[in-house]
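Single chain ahead, by itself, as structure tokens, in the form predicted alone.
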């Protein structure tokens, strides 16, 4: 099994690892501590101390905070429990007419605004655009990824987390609270 240095993983994250080295890394069996190297690099790049459990995007992380698992932006803004779709706590810019869509799409590339919305999810803390989705009108925000952290840490990494959390999408519970 190939062992890759932390510096190689860092170059991979930054998109500056030469393509032959990327291919070598992809073709090789994963070194046993690659995930740890990856998390260590990400941890060094954020201005806060809470433990990163899993990255969701280049700017969003599931972190451990006082026995809870929370989605946190690189800037430090917290979106709440990781089992609730973080997009419901983001600022959302919706492009749903020809004028706003024409700023992104040109000519025949533009989707029909009577059918499609482009939603841009923005961090309230730093203003960074965290994600964009093009969806049919009326479609709820896509919940991209709900990981089973306990199974991942226990069965894949071989080191259970100190606490457990029910593996369940809690988004419907939040939405039900809004209706009450």
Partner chain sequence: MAEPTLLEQLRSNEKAFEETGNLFGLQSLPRKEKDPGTYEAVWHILSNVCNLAWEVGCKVSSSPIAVEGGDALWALHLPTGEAICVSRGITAHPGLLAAMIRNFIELGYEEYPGFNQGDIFENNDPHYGGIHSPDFDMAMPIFYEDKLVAWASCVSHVSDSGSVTPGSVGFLNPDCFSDGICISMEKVGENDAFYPWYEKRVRSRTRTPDFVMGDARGRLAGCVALRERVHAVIDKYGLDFFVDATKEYVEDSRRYAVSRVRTQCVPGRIRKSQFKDLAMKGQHVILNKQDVDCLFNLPMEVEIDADAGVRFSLRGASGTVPFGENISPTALKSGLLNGYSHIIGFDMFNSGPEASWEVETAPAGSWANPFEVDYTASSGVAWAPAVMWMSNLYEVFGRLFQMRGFVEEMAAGAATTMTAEFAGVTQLGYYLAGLTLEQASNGSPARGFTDGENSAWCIYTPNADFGNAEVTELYYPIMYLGRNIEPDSGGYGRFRGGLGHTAVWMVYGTPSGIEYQCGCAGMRSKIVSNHGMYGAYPTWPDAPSYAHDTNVQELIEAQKPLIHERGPATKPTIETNIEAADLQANPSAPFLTRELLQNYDIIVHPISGAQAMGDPLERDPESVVEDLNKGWTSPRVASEIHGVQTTMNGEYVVDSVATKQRRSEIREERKARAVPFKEWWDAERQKVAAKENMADAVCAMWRSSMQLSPEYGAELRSFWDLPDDFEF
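Positions refer to the first chain, counted from 1. In this text, the rigid core denotes the largest set of C-alpha atoms whose superposition between the two forms falls within 1.5 Å. Everything numeric here is computed off the predicted structure, so don't read it as measured data.
What comes next is about the form predicted together with the partner chain, which is not displayed.
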Flag residue 123 as yes or no: does it have a non-hydrogen atom within 4.5 angstroms of any non-hydrogen atom of the partner chain in the predicted bound form? yes
Is residue 78 close enough to touch the partner chain in the predicted bound form, meaning at least one heavy atom pair within 4.5 Å? no
In the predicted bound form, does residue 70 come within 4.5 Å of the partner chain, counting heavy atoms only? no
With the partner left out here, check for me: in the predicted bound form, does some heavy atom of residue 137 sit within 4.5 Å of the partner chain? yes
Please state whether every one of the three residues 34, 56 and 148 places a non-hydrogen atom within 4.5 angstroms of the partner chain in the predicted bound form. yes
At 4.5 Å, heavy atom to heavy atom, what parts of 150 to 176 sit next to the partner chain in the predicted bound form? List them in sequence order, or say none. 151, 152, 155, 156, 157, 167, 169, 175
Does residue 109 show a Cα shift reaching 2 Å between the shown form and the other one after rigid-core superposition? yes
